[in-house]
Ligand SMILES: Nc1nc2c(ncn2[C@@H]2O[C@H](COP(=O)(O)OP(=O)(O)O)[C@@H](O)[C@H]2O)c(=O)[nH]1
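Shown next as structure tokens: one chain only, the form predicted alone.
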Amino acid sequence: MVLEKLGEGLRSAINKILRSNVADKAAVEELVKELQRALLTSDVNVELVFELSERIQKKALDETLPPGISRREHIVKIVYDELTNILGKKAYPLEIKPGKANIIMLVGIQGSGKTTTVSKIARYLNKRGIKTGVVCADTFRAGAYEQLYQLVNELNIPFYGDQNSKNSVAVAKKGIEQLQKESCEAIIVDTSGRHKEEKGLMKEMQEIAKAIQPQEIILVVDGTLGQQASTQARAFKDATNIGSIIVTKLDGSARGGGALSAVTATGAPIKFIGVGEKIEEIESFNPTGFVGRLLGMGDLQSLLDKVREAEITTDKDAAMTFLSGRFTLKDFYNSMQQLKKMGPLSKVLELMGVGAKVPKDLKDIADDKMDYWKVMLQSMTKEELVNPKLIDRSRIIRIARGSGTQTRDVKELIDQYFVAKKMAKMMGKRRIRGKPGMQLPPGITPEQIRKWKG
């Protein structure tokens, strides 16, 4: 999970206030202490944390309640709004103008994950119907050409580079010319990184930018830097007025909250975040949805993006059956297969807002385990597939023998099925409404939520 420890700390604080008998001054003060602990552990600036705490406490105790909601719900909304504010308030999507070659230039310090991020953005745009090409203008780092070529070649993305040239400006210009001939609508230019030295980075950025006139320059910032990320972001913002930021390595970083808040404080817009090492693990950054995930409320916009990217079509009757908990073992398997198309199951459940409530065993279903499950299902009778309660020990032994698996494997499948039924019923019973007073993600309407819920 992205910023897992921060999310756990924030959800713990929220759950305490929701479970308290009264939302009085003592309860609010305890909430604030819990929030402070979670944010400071994630390396968020101390002054910012205390400013945030003061605002939350003052609003929680002094504001008049809006009609129709409880004091506890109002406090949750205040926390949500204040956390969203420190992460940028709104999303800044990458704009691609159709019918022309949009040149996007990436810069970054060595080790920030810039070259990998180039391939991730190329795939992200390609999946959305934008023909994308990549230019390797990193003539400084040995192996940069080969690394980028291997990454994009697997995706069938047009590529240009020149291993024999040391002139990054010339390579960039020639690469753009070549990819324009191939009718690429987005051309991503990878540039040479620098080792902990912002001045050299900015100088090369300005030289290449002057030669190729990019529509957008994006700085790749390492999320493990924490608050120190603001140094790079501020220098970048001062050097260009067409810049934006990508923060990488947020999946395993305890300092990611510090990096995100520090970059936002400079006024440089964050457009993407890296949420894992795999090629598909990059997301358009939406502060409202991101905070929703941290608090366990889900991120509907990102979930819908994943569904579209995986080209999944949803059958309404099947969705209703699943949410009612009336699905069979075969339905369960098919549903897991569909979810796996969108990435690791744990991350999909996080977007749905139920990740924290789902047992770890169910979230950690691996691809090879799904293959075992398929063979087990093929060894079951029609009656067993429809009504797994029939499967006693003797049937488990027969299914294990027929599928070449162990009895514990069959039992695990049955157990996971019943856990999923319980979770599906819980989701289906949820009232279809957002938290009181909260805004839905951009472009999402209540009608879409109702359709998604089935």
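From 1 onward, residues are counted along the sequence shown. In this text the structure is predicted, and so the values were computed from the model without any measurement.
One more form of this protein exists, namely the form predicted in complex with the ligand; it is left out here, but the text below deals with it.
Although the partner is absent from the chain shown here, Ile109, Gly113 and Thr248 each have a heavy atom within 4.5 Å of the ligand in the predicted bound form. In the predicted bound form, at least one heavy atom of Gly274 sits within 4.5 Å of a heavy atom of the ligand. Under a 4.5 angstroms non-hydrogen atom cutoff, the ligand in the predicted bound form has Lys120 among its neighbouring residues. For Thr266, no non-hydrogen atom is located within 4.5 Å of the ligand in the predicted bound form, even though that partner is not displayed. Using a 4.5 angstroms threshold between heavy atoms, Gln178 stays clear of the ligand in the predicted bound form.
With the partner omitted from this view, the residue of Lys90, Lys374, Lys203, Arg141 that lies near the ligand in the predicted bound form is Arg141 [heavy atom within 4.5 Å]. When you look in the predicted bound form, the only residue of Gln147, Gln227, Thr240, Gln215 with a non-hydrogen atom within 4.5 Å of the ligand is Gln147.
Residue heavy atoms within 4.5 Å of the ligand in the predicted bound form occur in exactly one stretch of 256-264, 81-89, 170-178, 274-282, and that stretch is 274-282.
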